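Let's start with one chain on its own, the form predicted on its own, as structure tokens.
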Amino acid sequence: MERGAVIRKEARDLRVPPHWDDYAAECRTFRWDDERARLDGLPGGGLNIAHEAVDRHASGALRDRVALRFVSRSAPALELSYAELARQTNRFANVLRSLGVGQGDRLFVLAGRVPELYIAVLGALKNGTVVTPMFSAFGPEPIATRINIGAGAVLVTTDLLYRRKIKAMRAQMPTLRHVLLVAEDGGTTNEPDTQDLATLMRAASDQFSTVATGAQDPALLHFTSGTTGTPKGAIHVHGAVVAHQATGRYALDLHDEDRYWCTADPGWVTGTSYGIIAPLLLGVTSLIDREEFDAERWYTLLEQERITVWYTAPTAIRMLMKAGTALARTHRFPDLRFVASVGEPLNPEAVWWGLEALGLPIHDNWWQTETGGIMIANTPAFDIKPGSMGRPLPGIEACIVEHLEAEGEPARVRVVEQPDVEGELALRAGWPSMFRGYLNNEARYRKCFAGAHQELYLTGDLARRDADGYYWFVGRADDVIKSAGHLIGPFEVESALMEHPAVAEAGVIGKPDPVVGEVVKAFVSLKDGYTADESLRLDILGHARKRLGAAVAPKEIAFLPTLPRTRSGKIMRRLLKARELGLPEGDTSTLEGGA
């Protein structure tokens, strides 16, 4: 493939026949009811995520296949087959039942990527208990805030994390009845007012009848941060499993014998939906690395673990780019056939880098905590337009809308039919993984929808659709820069800056200006081997003006060692702006490296 505006796909580029290769036909014939029929279901018509992800395989031909393979620097690899995962999750469900924790109660998990985290999530789902995984890097205040908002009854965490982050705050979490501890050294724990999980598991039966949850019963509570105020708890139901299975096939092209690696932490919705649930639904083997990012280690794992499908984040890709293509070329990836990315828009330069370093382009896709699953994607059989998030998956109806009124409930919007018009990205409500509400905030939930029958979910993202049906991210509605009558999307500017050979990452904001309203200011971090000085700053400014024109290019550039990011990889533009202008920083609980 030669570099150009489009990466054309040919049959020889596809090492495995894809699940679909006729976009129009698949979208035309797709029915969610047909996708639901692929699942077992429970007696009486119920539906349970853990049953579909674990038990239906454990009782069939895949019982001895490795479901989860855990690796770390300090311990031998640990593998759990589907049959063993079923037994362990049954034990955990029985532990919860013995504690009087039942359907609708809420369990929080705070741990690194240890086996007990995955067992607890799936075992709780079997019990009908609602699950919230949290980042182990959260500080005490964000943990307590989420547990209190969610009225958490049970917390599963490690003994070290408990002593560092929970113990002193325990009295401030009145709903928390039980704390179950995992010993980080593999032994047992004896902290007061807690219970040792390993001891409870040994005493529990490995036989359990999954609670008869229905498709509309709550299953997962994922917190998402706004620009201000407390985090919002998005409620997802067991019926979301239908979308997890479909999107695992359509967007990630997971096949029966794939060896899959999702690098997302389970504390992020991607790490739950596509790090735990979707690969298990499709019967594949998942690699789980317990270590933090290290470029050499990641390349070694891709090679030695013979990963076939890799799902990661733009931040990780940019960090690999920063380490240099030469490092990637010291490894070989003959098994790797598909690479996808999510978290924030993937700059075109990163898509092309995949071809150069890995022999494969990176396939961007788009979704949100609220959508519960991938909505728009670049997929294996279809051409890629680098910088585009792709096209809506079968069963998903997307459109661009313009608001007819600044305020209103329900919001009044008009669907934009013509291509290449910027507006708000909206989705027609009704897909199975759509969130069912914000916990204790019905008014905020209603504001997410427009139309006479609240039939359109408003994403808050500005985008455009081209004549071929590909969608292009412009920016969050509150990130768009208004300068001298121009509406400037930060992603476009950031992508142009990243084409400069010195730039590893870029974040762009609008800075108030008395003449033009706002001017574009860019914050950049540099690749190894480059020094931040005035000469380089002017060179980057000149590059941007040549690429974007004087009206759109940054007027100011500041160098930072790293840019502030959420733990899911999004550059926090609002935080850059708050720090630049001396404004309140709002909720920073998801800030990477924050307390």
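Between two forms, the rigid core is the largest collection of C-alphas that superpose within 1.5 Å. Note that residue numbering follows the sequence shown and begins at 1. Remember, it's a predicted structure, so these values are computed and weren't measured experimentally.
The form predicted in complex with a small molecule exists for this protein as well; it is not shown, and the discussion that follows is about that form.
*Asks:* Choose from 76 to 84, 447 to 455, 498 to 506, 363 to 371 the stretch whose residues reach within 4.5 Å of the small molecule in the predicted bound form, heavy atoms counted.
*Replies:* Of the stretches listed, the one contacting the partner is 363 to 371.
*Asks:* Sort through Pro133, Gly123, Pro279, Pro345 and report the residue having a heavy atom within 4.5 Å of the small molecule in the predicted bound form.
*Replies:* For this set of options, the contacting one is Pro345.
*Asks:* By the heavy atom within 4.5 Å rule, which residue out of Thr224, Gln195, Ser525, Ser483 makes contact with the small molecule in the predicted bound form?
*Replies:* Flagged contact: Thr224.
*Asks:* Though only this chain appears here, would Asp461 touch the small molecule in the predicted bound form if you measure heavy atom gaps against 4.5 Å?
*Replies:* Although the small molecule is absent here, Asp461 would touch it in the predicted bound form, with heavy atoms inside 4.5 Å.
*Asks:* Closest heavy atom of Arg476 to the small molecule in the predicted bound form, within 4.5 Å or not?
*Replies:* Yes, contact at 4.5 Å.
*Asks:* Verify the contact flag for Ala313: yes if a non-hydrogen atom of it lies within 4.5 Å of a non-hydrogen atom of the small molecule in the predicted bound form, no if not.
*Replies:* No, Ala313 sits far enough from the small molecule in the predicted bound form that none of its heavy atoms falls within 4.5 Å.
*Asks:* With the partner left out of view, is Leu287 within 4.5 angstroms of the small molecule in the predicted bound form by any non-hydrogen atom?
*Replies:* Leu287 lies outside the contact set for the small molecule.
*Asks:* Does the distance between the two CA positions of Glu518 reach 2 Å or more between this form and the one not shown, the core being superposed?
*Replies:* Result for Glu518: yes, a 2 Å-plus shift.
*Asks:* Aligning on the rigid core, do we see the C-alpha of Asp466 shift 2 angstroms or more between this form and the one not shown?
*Replies:* Shift at Asp466: below 2 Å after core fit.
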